[in-house]
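A single chain comes next, written as structure tokens; it is the form predicted alone.
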């Protein structure tokens, strides 16, 4: 690109093969603005598509480019995001900040956090239908380096144009300068939480914190620790900002960083998992475990989630919708556990009203720590709101 005009042709979006619900827009230099399109929905939506192209082109001053659009049934949201990215790249400007008055209140549960590539529009609208506790629109590892701008546009318009009620909408931003663009674009959107990757020390978080403070943003932060250095600084990271609501561990990168191999037994990461969990609890925030890399054997997924719950974690990352129900089962108490937990909570509350102290339930002592564990178990099983 060069200032004042388009130097080379480029494309945003995808077409061909098995691509669905997307539109590929090829942008080439031209003496004046013009466009053409073919669509799998023709002629039904031709007039609407034409109006959309002309409206957004007008917003950018109709730059001197020609657009060739190949539509495979893209939603209006996708058309708007792709066109915005195309005109921004052609004009050499950033994606406009998304300013929203929407504020979605999450349930407080983060048992399942479903990662969705932000540059794959066919997946994004369906993500809430699987009822994860949180959806993470991923701008980082799942997006090619040359596609970051269009992915950011997609995340921005998805945050505004889809209904995220009952789900915590998260975005994993990039690190470095691209991450600064991501944050500036989404700071005033309806996104509830930013996932900050590759965090190694408190300064990595505080730099983002300052950007958000300057913008008056409401967004919360979850640092993602993915290295040996980050693990060493876990408590410093967890406690450095009031925006931090949880601390997460990325085992794929961490295991690579220490020169190990990731195994089902997880012995290679036991130190890191314990260190990050302890740091989160010491800082008074929620500890979140890494993703489980498999999604075909759901028994393994459920067992991984159960082990995470028993260790003290409150959720894991999901790479496929198939994992969600298994994860929720893993974090849900068994009927026997839930019955005992409810009995502990009810008995303890009654004792407090009557002025009692330590109580006994089924022949075991039930003090304040026991009560708190029982209450947390009920909440993780969907019986309460963690706020």
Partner chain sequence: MIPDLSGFDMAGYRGIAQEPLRSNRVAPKVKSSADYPPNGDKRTPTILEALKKAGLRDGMVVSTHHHLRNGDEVALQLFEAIRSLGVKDIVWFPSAVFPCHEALIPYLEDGTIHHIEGSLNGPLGDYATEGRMRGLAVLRSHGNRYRSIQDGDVHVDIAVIAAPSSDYFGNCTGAIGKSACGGLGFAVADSEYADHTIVVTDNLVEFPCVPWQIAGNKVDQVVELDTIGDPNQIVAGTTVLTSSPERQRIARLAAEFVKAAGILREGWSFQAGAGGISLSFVVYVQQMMATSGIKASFARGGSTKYLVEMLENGQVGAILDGQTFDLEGVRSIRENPNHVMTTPLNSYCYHTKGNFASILDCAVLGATEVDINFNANVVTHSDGRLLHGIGGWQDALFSQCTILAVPSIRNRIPIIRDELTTLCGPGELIDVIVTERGIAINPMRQDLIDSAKGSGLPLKSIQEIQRESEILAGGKPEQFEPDETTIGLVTWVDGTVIDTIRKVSKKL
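Numbering follows the first chain given and starts at 1. As the structure is a computational prediction, the values presented were derived from the model and not from experiment.
What comes next is about the form predicted in complex with the partner chain, which does not appear here.
In the predicted bound form, none of the heavy atoms of residue 158 sits within 4.5 Å of a heavy atom of the partner chain.
Of the heavy atoms in residue 129, some are within 4.5 Å of the partner chain in the predicted bound form. In the predicted bound form, the partner chain stays beyond 4.5 Å of every heavy atom belonging to residue 373. Using a 4.5 Å cutoff between non-hydrogen atoms, residue 63 does not count as a contact of the partner chain in the predicted bound form. This chain is displayed without the partner chain, yet in the predicted bound form the stretch 37-45 from 24-32, 334-342, 53-61, 37-45 comes within 4.5 Å of it by heavy atoms. With the partner removed from view, the residue among 211, 75, 201, 98 that has a non-hydrogen atom within 4.5 Å of the partner chain in the predicted bound form turns out to be 75. Out of the listed residues 88, 184, 162, 286, 162 is the one that sits within 4.5 Å of the partner chain in the predicted bound form by at least one heavy atom. Against the partner chain in the predicted bound form, the set 79, 321 and 325 is in full contact: each member has a heavy atom within 4.5 Å.
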